[in-house]
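In structure tokens, the next block holds one chain alone, the form predicted on its own.
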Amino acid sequence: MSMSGSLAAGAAPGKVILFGEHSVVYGQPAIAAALGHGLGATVESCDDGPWLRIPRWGSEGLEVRPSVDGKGDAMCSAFALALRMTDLSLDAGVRVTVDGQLPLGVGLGSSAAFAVALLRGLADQQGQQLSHQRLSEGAEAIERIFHGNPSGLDHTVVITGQCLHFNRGETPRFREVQLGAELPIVIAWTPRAGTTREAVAQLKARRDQCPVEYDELFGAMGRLADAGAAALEAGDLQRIGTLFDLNHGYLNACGVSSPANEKMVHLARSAGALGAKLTGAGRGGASIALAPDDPNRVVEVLREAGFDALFTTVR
């Protein structure tokens, strides 16, 4: 490889759902926020590109070329789309590395962060600055490759870096939630059983059996999300922690928790967290704990139990 240009870069945060998982599918609001951890993309010139490398994803990392004929896996197709959207050819002499402490496939917005960081890095290499609309269109198109029909929440949070109140509908509606205090969050995760799509489908099947009861539960989760937005704006950490616990109880009642989720939540609370809940689709994946007093202790307890964990912030 021979270098013939300066290093270009792009970055994007991960995202976390604070309130409203699953009930958002049934017309209720959700609250999601950008994380202090995310992904970064570096782009350098090379003679044998294009290449995309993601060293921390997969058992041995990933290294792919773009799909040139519509064939290949999702990552190859996503890379090809990102190149086209930043006016680069599919034989462009670039090598891209995407890296960061954001785990893959546990509900923390890894695919949206990947899309946004990649597009920003490639645009920087071209001397471009993508508009919000163009970046949103590109990230949504890449998300469709991975997820089929994304809600738009993940890439909107990742692009804006904000905490957002979200209503899904024919036209998704977003409102910024101005945080009254920084949230010190411990995230723990474990492999998920199945996909988000499967978790949503299984909950739908249960709801179809008891629609009145489940709709009452979803309505309660929606009211809790609105209460959570108010607590976030007031910076009331004690109330936010209590609402985390209550939201987790609702999610458990929906059947989307798992023994691993319950253990992570229990360990975080026992280590001093003000509240804890699963986040995302559930059935494994990630949990979050509000830990303003001793977050490192919460991380230590979770790691000792065999879970991956890190301390981050929501601002």
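Superpose the two forms; the largest set of C-alphas matching within 1.5 Å is the rigid core. Start at 1 with the first residue shown and count on from there. This is a predicted model, so every value here is computed, not measured.
Beyond what is shown, the protein has a form predicted in complex with a small molecule; the following relates to that form.
Screening 180, 150, 93, 105 for any heavy atom within 4.5 Å of the small molecule in the predicted bound form leaves a single hit, 150.
When the small molecule is considered in the predicted bound form, only one residue from 128, 196, 97, 136 comes within 4.5 Å through any heavy atom, namely 196. Residue heavy atoms within 4.5 Å of the small molecule in the predicted bound form occur in exactly one stretch of 273 to 281, 47 to 55, 60 to 68, 33 to 41, and that stretch is 273 to 281.
For the chain shown alone, residue 12 is not a contact residue for the small molecule in the predicted bound form, no non-hydrogen atom being within 4.5 angstroms. In the predicted bound form, residue 305 stays away from the small molecule, with no heavy atom inside 4.5 Å. Contact check for residue 17: a heavy atom falls within 4.5 Å of the small molecule in the predicted bound form. The small molecule in the predicted bound form is approached by residue 200, whose closest heavy atom lies within 4.5 angstroms of it. Here residue 245 does not count as shifted, since its C-alpha moves by less than 2 Å between this form and the one not shown after the core is aligned.
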